[in-house]
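Below, in structure tokens: the form predicted on its own, a single chain.
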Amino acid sequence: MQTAKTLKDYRREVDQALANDFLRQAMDNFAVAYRASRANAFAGLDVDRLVADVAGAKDQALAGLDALYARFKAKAEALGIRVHLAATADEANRIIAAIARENRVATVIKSKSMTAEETLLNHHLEAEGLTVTETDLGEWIIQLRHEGPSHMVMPAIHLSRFQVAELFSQVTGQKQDAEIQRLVKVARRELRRKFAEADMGISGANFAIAETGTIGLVTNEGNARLVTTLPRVHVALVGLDKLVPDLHTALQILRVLPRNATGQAITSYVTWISGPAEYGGPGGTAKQMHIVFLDNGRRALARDPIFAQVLRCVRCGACANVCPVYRMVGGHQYGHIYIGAIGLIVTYFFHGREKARHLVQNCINCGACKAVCAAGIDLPRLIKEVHARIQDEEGHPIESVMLSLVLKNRRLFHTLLRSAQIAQKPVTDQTQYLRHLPHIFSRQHNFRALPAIAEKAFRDQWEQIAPVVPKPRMKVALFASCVQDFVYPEQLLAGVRLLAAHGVAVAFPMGQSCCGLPVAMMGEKQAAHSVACQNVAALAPERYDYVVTLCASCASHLKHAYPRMLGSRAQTFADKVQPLSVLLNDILGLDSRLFPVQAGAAAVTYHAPCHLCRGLGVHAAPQALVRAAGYRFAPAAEEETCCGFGGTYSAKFPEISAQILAKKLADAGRTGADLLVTECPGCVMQLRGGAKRQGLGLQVAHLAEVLVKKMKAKR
């Protein structure tokens, strides 16, 4: 649970998590294993089609939520189930407590339920004097430790078997061995009598099928079946978002859920319950079954044009499994009750902005969560939308307000950058790097060497270097990222030379400015909109065949965010935006005559920028270009894992950024390559600066630079 009152307090908690070596190793091992397991589980299946089916089915269900509830209620009550609807978490807890009182319940056993975690049901029932025992192994462990879950599917993933053995030794009063199977036997022995003695069983549900009044549970332990059948009273606490029209829809979700959650084709137990089971316990009374549906803002969310899609979530936990930040700090610092990217969003709606305000800032916007989501939820975008809403409600930080004012005024922005080029001279020592950072920055920011602003911006060189291409194959407008324009102009120069060599006429509209992604990331939606308007007007897309950029982050933002902000007038612009690698490889076709074959070519490995591989779906083109240019390609194991830059993220959370970077450089080092290539200036800044600070022999370059280097070898 989140208790930090300030961002400084939250960062202190993050530091503590980063210092936990076991946690880091456990998260690492799981992240690597999960990637392979999921790939195997989905082998031979059309994943995009499966995800689209789930998204479509859930959207249709959400559009008729009230009707589905009424239909389910009628069917379930005909089967002898008592159906309740709770408007709030507190009301749900009170309904369940009242059921317990009416039935003289003293002991309760529970099957794992994130909805019960959402309402803090255990705390309420214990305050009523009831004895509550979690029976899922992971949930029981964290209950004994008085903790919340650190993962929605694997709640105790942050603990070692030695910690569990110590805990079980305290619980049983006997020294317990740390061997996993023996620990499982201890848990079975301790929990067995709880099953036999319980008066009430409480479960959640993965599905509530309106057509038949049936609930479905998907589990890997047999405890859920015992919880729902042995006690004389069974209560299922179910979010309204779990309503689906029929079994077919539930089975559509079931095809994806276990594969995405744990890399299994199917879980050990899929249980369907239609009405109360027979009860043969003491007294011979009829068994009671209650279903408590929880609203807690879900009906309002279902009507929200932006956020309704969060209710598609099937609670697989995959968004945490692939998140580079979660991998560093674990669930207790990357969620409140719900964990991972989906947790960063729903915390705001279910538990309020006080719990969400720091969490939503800890998203690096790498897009891994969206790429793996079983329901196709645009998680990174919605996290930023929550951040923007919170700032609109509480006030915008002065630093983001100032940046907004600067970026909206292109001339002021560029004047400040040119002034900074002069002001930096005392700390550059005539090198390409800043010798040290100003004292206002923490020492934590020195995990990478930062580049100096170039002596002459690209835009100030354009008049002299603009190539003349007779009879061009096409005409393109070059969009320059701020970093390339003022820090790495050599990248743009290389790109222009490549395009000209392939018969492309290049224009550089001077009215262009920052793409606006930095202010969008900071929640400054008005500034992002203003900058987008300026750029679309400046680049006048109707004049060009394509708008090409050498920055993956800019490309993704221009292509996806501009139409969302500006509507149809920006769609023509967005349709023409292409990253350099796609234009060269897929549209033009790299001219092999420009690149001589050489013996003993250098080994090159590649880092895929997040906004290229996931934001734009470009995976093969950069590698194909590297090979076509005659380099020996050495693939990295974690080629598409984030480098930790994230623009302003690395300034706000340098401790996390540094750790992600260290892992990335180590992974590149294991390839044995001499050169690391990428297609994003921000990634170059992060990786090159990290390699220099660590004293590595690894060279880091932009794709355009390494291609031009081969061309130079010929001429």
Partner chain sequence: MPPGTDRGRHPAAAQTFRRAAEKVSAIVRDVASLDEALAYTVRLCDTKEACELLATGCAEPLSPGAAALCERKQTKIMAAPGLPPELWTRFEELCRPRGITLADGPLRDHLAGIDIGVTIADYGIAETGTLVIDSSSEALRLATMISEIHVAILPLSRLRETAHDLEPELTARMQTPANYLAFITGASRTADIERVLAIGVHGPLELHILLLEDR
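Residue numbers count along the first chain shown, from 1. Please read these numbers as outputs of a predicted model, since none were measured by experiment.
Below, we refer to the form predicted together with the partner chain, which is not included among the displayed structures.
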The stretch from 339-347, 450-458, 305-313, 253-261 that lies within 4.5 Å of the partner chain in the predicted bound form, judged by heavy atoms, is 253-261
query: Is E221 close enough to touch the partner chain in the predicted bound form, meaning at least one heavy atom pair within 4.5 Å?
result: yes
- Task: May I ask you to state whether L230 is within 4.5 Å of the partner chain in the predicted bound form, using heavy atom distances?
- Result: yes
Worksheet entry | Y649 within 4.5 Å of the partner chain in the predicted bound form, heavy atoms | no
>> Just checking whether A662 would be counted as a contact of the partner chain in the predicted bound form - the rule being heavy atoms within 4.5 angstroms.
In response: no
Only hit among V186, L493, L417, A629 for heavy atom within 4.5 Å of the partner chain in the predicted bound form is V186
Picking from H248, K475, H123, R564, the single residue whose non-hydrogen atoms come within 4.5 angstroms of the partner chain in the predicted bound form is H248
When the partner chain is considered in the predicted bound form, the residues of 187-205 having a heavy atom within 4.5 Å of it are R188, R189, E190, L191, R192, R193, F195, A196
